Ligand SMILES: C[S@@+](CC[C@H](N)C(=O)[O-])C[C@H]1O[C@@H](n2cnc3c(N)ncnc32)[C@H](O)[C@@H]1O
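Quick heads-up: it's one chain on its own, the form predicted alone, in structure tokens.
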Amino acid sequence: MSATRTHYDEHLGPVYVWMAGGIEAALARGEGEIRDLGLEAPATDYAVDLGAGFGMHAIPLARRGIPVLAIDACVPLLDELKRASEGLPIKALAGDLLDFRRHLEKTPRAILCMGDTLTHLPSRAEVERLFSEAAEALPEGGQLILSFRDYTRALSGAERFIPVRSDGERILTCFLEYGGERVTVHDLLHERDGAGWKQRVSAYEKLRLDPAWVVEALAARGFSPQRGAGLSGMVRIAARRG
């Protein structure tokens, strides 16, 4: 099992919905992004959500009547998605994002890879492979929609300590350690344990992807990418095929 998958299954996954501010608040933000992107039925009649997590984007899509194939490697998050999406047209699968074409039931009009999922891939070569797989899967006019965090500027000193969320029972702080092509993300989680606090720490690596490089890689595979601003300071790129 990869360090990233272990990190999510055992450390971050169980508190991810809390970290996102609760399911309803997170779905409201996802709904806003889907609305901004203009993804509506019947023009979008089938979508794929890679790194779907607990359904922040898959559920708003499905609420519009769009069937969604939702893939993630983190089982606890997929369990949250299944609970929150009962009765909606979502097929949730645990698996490798790069193998998504094996699970397609029809040609998708949109493929989403949002919420910093792209930087979880182990190498730039696998990012390029994902773009190639998406280009093969999408029809002319279909869209690949990405959002990811730009780690190319290395933070220094106290900037590297990022408070994520806290309340009376839990405190989550992130610490970033920069390498060449990667940044190591340390998640420090404090949870109340009786009268005291218990600390748990886990770390995993993310890619430092230059948005300009992502745009070029997409264009090389026949996409017309448009860069914009995503949630929480992320870069968002909507890339139309053809």
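The numbering used is simple: start at 1 and walk along the sequence shown. Values in this document were obtained by computation on a predicted structure and should not be read as measured data.
One more form of this protein should be noted, the form predicted together with this ligand, which is absent from this view; the next part is about it.
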Legend entry - Partner-facing stretch of 51-59, 211-219, 186-194, 35-43, counted where any non-hydrogen atom is within 4.5 angstroms of this ligand in the predicted bound form: 51-59
Legend entry - this ligand in the predicted bound form reached by all of Tyr16, Cys74 and Asp96, non-hydrogen atom within 4.5 Å: yes
Inset, instruction - Go through Leu130, Ala92, Leu172, Leu121 and name the one with a heavy atom inside 4.5 Å of this ligand in the predicted bound form. - result: Leu121
Legend entry - Distance check, Ser85 to this ligand in the predicted bound form, heavy atom within 4.5 Å: no
Inset, instruction - Consider Met114 of the chain shown here, and say whether it contacts this ligand in the predicted bound form, taking contact as heavy atoms within 4.5 Å. - result: yes
